[in-house]
Structure formats: C-alpha cells, structure tokens
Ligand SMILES: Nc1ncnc2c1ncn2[C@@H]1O[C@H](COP(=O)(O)OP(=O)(O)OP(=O)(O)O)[C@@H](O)[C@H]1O
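This document opens with one chain alone, in structure tokens, the form predicted on its own.
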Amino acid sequence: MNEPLIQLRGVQFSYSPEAPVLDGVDLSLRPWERIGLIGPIGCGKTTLLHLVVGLLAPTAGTVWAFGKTRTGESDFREVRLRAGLVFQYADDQLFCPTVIEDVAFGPLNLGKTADEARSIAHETLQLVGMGGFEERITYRLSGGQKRLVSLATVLAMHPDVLLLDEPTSALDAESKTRVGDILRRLNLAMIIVSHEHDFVRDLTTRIVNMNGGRLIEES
C-alpha cells in the first residue's frame, strides 16, 4: 500500500497576518516512511506537527489523514488516536503521580480495563528500557528518564504514526543513543523534528528542510 498516511496540501498558517509561519506547505508521509524535519529555531517545525493532529487549524490548505480530509475537532480526535505526538518537553506530557499511571492513562481512555491498561503499560515500559520504574514518582525522574516515559505514554496507545518534536532535546550523549536505538527498532511511520542533523540522518528515510515557511527536500 503506497497511499499516504498523512498529507498536507498547500497548508498556510500564521499567528498574525504580518508574520506567516507556513506558506503553502506540501508534505506526504507514506507507510513505514521516516521523515526528518530540520530547520532553524522558530521556523514552524513544531507548528507543522500541531497542525497534523489538529491542535492548530491551517489558515489555508488541507490536512488529509488516514483516508479523509480533516477539518473539525471530531475529525482530529481520530487522528490523535492514530498519530501519537511526543512533545518537545516531557513535562508537558506527564501529569500523573507515578510512571505506571502516566503510561496506563492512554489505554484506559481507549476503553481498556485497569488490568489491561497496566499490562500494556508494563510491556511498553519494558520496550523503552524503563521496566522497574513503574512505581517511581514521575517528577523525580531525570530528564532522559522522563523523555523515555513520555515516549512510552504514546507507544502504549499503539499508534500508526509517531510524531516526535525534538526527541533528543537537552539529553546527554548516552540518552540520545538510547532514544535513537528505540526509534530504530519501531516499525512505525514517523516525522522527527530535530535540530540535530546527524541524529535524523541516521534514523530517517528522507530529510526535509524548513525555511521561509516552505519545505525543501534534501538530495
């Protein structure tokens, strides 16, 4: 199957009329494809991810995802179930007292029983190398540990697409390697936003540069 999972068509967005952020962006993500999205700080990379999942609405153009054009909030609820967004700052994603509660939260909202949700959470924490941290207090974890738990909260939802906003931000070299190893093993389509060119080059199938509100694919 070669139909895109997600496609942006002529997308424009601005926070104010005088300062457009995206200016006619076209981007397609196909199954098992991994796109690295790079560009200077403030160029709109995070904005693009937020448009994909409906946290922001384009001022022009269309967002097409999982077989249909998405416009209203009801459309994007389904998108957010299938496209998991890992925020740049883990503290924006983690809000429960313990690690197991944070990771089980998504499956519970999907209708899993408490036992099922905890089982999924345990398995997912093992996947990201955080087994044994289930009862740890989330806010007391290190930055690298929080990053892995925030990734686990998304993976526990079993998404079709993974959207990662600066997944190595503020991590030491060892933690960056660990995150890269985990992402490499996942059989998921991804868009990885990063300012670290070497990191995305190692993980992705193609790299797209954002500048001046437009996307330019690297050769």
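Position 1 is the first residue in the sequence shown; the rest follow in order. Remember, it's a predicted structure, so these values are computed and weren't measured experimentally.
The same protein has a further form, the form predicted in complex with the ligand, not shown here; the description that follows concerns it.
S.K.: May I ask you to check whether P167 falls inside a 4.5 Å heavy atom distance of the ligand in the predicted complex?
M.R.: No, P167 is distant from the partner.
S.K.: Report whether the minimum heavy atom distance between V25 and the ligand in the predicted complex is within 4.5 Å.
M.R.: The answer is no: V25 has no heavy atom within 4.5 Å of the ligand.
S.K.: May I ask you to state whether R206 is within 4.5 Å of the ligand in the predicted complex, using heavy atom distances?
M.R.: The answer is no: R206 has no heavy atom within 4.5 Å of the ligand.
S.K.: If you check in the predicted complex, is I35 within 4.5 Å of the ligand, heavy atoms only?
M.R.: No, no contact at 4.5 Å.
S.K.: Choose one stretch from 38 to 46, 156 to 164, 62 to 70, 177 to 185: the one whose residues place a heavy atom within 4.5 angstroms of the ligand in the predicted complex.
M.R.: Only one stretch passes the 4.5 Å heavy-atom test: 38 to 46.
S.K.: Kindly confirm or deny that Q7, F87 and R214 each have some heavy atom within 4.5 angstroms of the ligand in the predicted complex.
M.R.: Verified in the predicted complex; spot residues all out of contact, no.
S.K.: Note that the ligand is not shown here; using its position in the predicted complex, name the residues of 170 to 197 with a heavy atom within 4.5 Å of it, in sequence order.
M.R.: The stretch 170 to 197, when checked against the ligand in the predicted complex, contributes only H195 at the 4.5 Å heavy-atom cut-off.
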